[in-house]
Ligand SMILES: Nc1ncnc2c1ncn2[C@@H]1O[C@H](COP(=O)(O)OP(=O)(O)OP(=O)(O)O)[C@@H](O)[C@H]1O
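Listed next as structure tokens is one chain, alone, in the form predicted alone.
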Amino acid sequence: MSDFSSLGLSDWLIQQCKQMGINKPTPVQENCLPAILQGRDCMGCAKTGSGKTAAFVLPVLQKLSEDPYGIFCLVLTPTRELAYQIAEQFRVLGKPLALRDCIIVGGMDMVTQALELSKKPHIVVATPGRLADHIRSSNTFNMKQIRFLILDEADRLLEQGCTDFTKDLEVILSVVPAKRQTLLFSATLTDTLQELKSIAMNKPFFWESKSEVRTVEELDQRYILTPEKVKDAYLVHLIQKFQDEHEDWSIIIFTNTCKNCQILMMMLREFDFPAVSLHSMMKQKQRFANLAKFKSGVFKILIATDVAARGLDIPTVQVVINHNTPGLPKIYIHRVGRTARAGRHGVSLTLVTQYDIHLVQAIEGQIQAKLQEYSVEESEVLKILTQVNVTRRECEIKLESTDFDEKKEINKRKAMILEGKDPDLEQKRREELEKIRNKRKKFKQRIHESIQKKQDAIKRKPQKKKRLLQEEGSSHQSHETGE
């Protein structure tokens, strides 16, 4: 393995790395650093916890030290928490430069952010939606001179889905110079990134981790088969077990909805577990406060939706529990990547119900590894089942009294209005799309049934012919007997 100096990194940056305990480059750094320093565009794909952030932060800081001016680098990322984490890494590694950075994310005051942008910080780290809002509404800054455009968690930013960044990215790309270095990094190589790789005009440097296994070796990946109705009791039992055996361990529990996240947090607190939650329905300040409390060890349990699944680097996390089996293998990869980071060991546990077997098989196919069963004393779980179910129901009633669902709907409508959309029209559009999807589904089903009938008919033909021949043979035989 190379050292940082042989990769072309300056002595002052090598010194900064040593202060952070980074003595040798990881494979993604070893392969991507020289190409970026040579001025090439770059696409890097490596496992979570493999040092991807430093792979782009270090060369950007080196180039900035040679020619420091205005807004030098723009980093786009899908979540607010990840934006703060990337900015922190720039700040620590770039300390000798008196680096000025600016974080542009939703949930914070736009006027304050606009003032920060007008002061021409060297590094801007942003979520696409909020930065696009500033570009549309302000002329106090420009990005015509940026040298680097970086997309971290690029697959999430470029793929269309429940949070589609396409329109915001179009706005941002219209104001950045065509002559720039573009760097894309991700833990999961998707069809979108593969397509970009094939159509890129200037043949960017591309590096992908050669390991077939998409999760790190230090991660012990387990599953627990549990009926849906007993899942919460298993969760409480597991947390009690880990707390009894390892008092200092930190645990992240991932679940699928904001509401479920809040209920689980309330429920675990009823059992005297030190838990905080993190989901998109929370106010920005509360999200950061909860995350800070978890990082500092004030609270040992974080219950989160997938806003915490990408990029968050909390070295002390020993266990990740999937309260629900993720519907997409790449979500699983990002979730379990919150533990066993930077060479440390960790455990991931996925609660698998009778409806999730096919999801586990898809995950195993993607990560090229088998999940091992985690043994649990079922009798111990059954002892607390009634108490857990009653506690959960009480927490659900408490949450319903706070109009949680209504607030969620109001927040959705507010977000749409800020994006210049009509919430009622959007609702109609969703309903129309659902109708089209259902029609397509029925059409596909009819085609499938028609093909199945034809195949059955083709299968029946030889059998019918065989039966006729048998009947003809027996008829001929009885005729001969009669003679």
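These numbers come from a predicted model, not from an experiment. Quick note: we count residues from 1 along the sequence shown, nothing fancier.
In what follows, reference is made to the form predicted in complex with this ligand, a form of this protein that is not presented.
**Student:** So which of Lys295, His237, Arg100, Arg341 gets a non-hydrogen atom within 4.5 Å of this ligand in the predicted complex?
**Tutor:** None of the others qualify; the residue that does is Arg341.
**Student:** Please pick, from Asp313, Asp232, Glu396, Asp306, the one residue with any non-hydrogen atom lying within 4.5 angstroms of this ligand in the predicted complex.
**Tutor:** Filtering the options by heavy-atom distance leaves Asp313.
**Student:** Counting any heavy atom within 4.5 Å as contact, can you tell me which stretch out of 46 to 54, 59 to 67, 449 to 457, 431 to 439 lines this ligand in the predicted complex?
**Tutor:** Flagged stretch: 46 to 54.
**Student:** May I ask whether Thr79, Ile253 and Asn290 each come within 4.5 Å of this ligand in the predicted complex, counting any non-hydrogen atom?
**Tutor:** The answer is no: none of the three residues contacts the partner (heavy atom, 4.5 Å cut-off).
**Student:** Test of understanding: in the predicted complex, would Lys24 fall inside 4.5 Å of this ligand by heavy atoms?
**Tutor:** Yes, contact at 4.5 Å.
**Student:** Look up in the predicted complex whether Asp155 has a non-hydrogen atom within 4.5 angstroms of this ligand, and give yes or no.
**Tutor:** Output for Asp155 is no: heavy atoms all beyond 4.5 Å of this ligand.
**Student:** Spell out, yes or no, whether the shortest heavy atom distance between Gln89 and this ligand in the predicted complex is within 4.5 Å.
**Tutor:** Contact with this ligand, yes.
**Student:** Can any non-hydrogen atom of Leu151 be found within 4.5 angstroms of this ligand in the predicted complex?
**Tutor:** Leu151 lies outside the contact set for this ligand.
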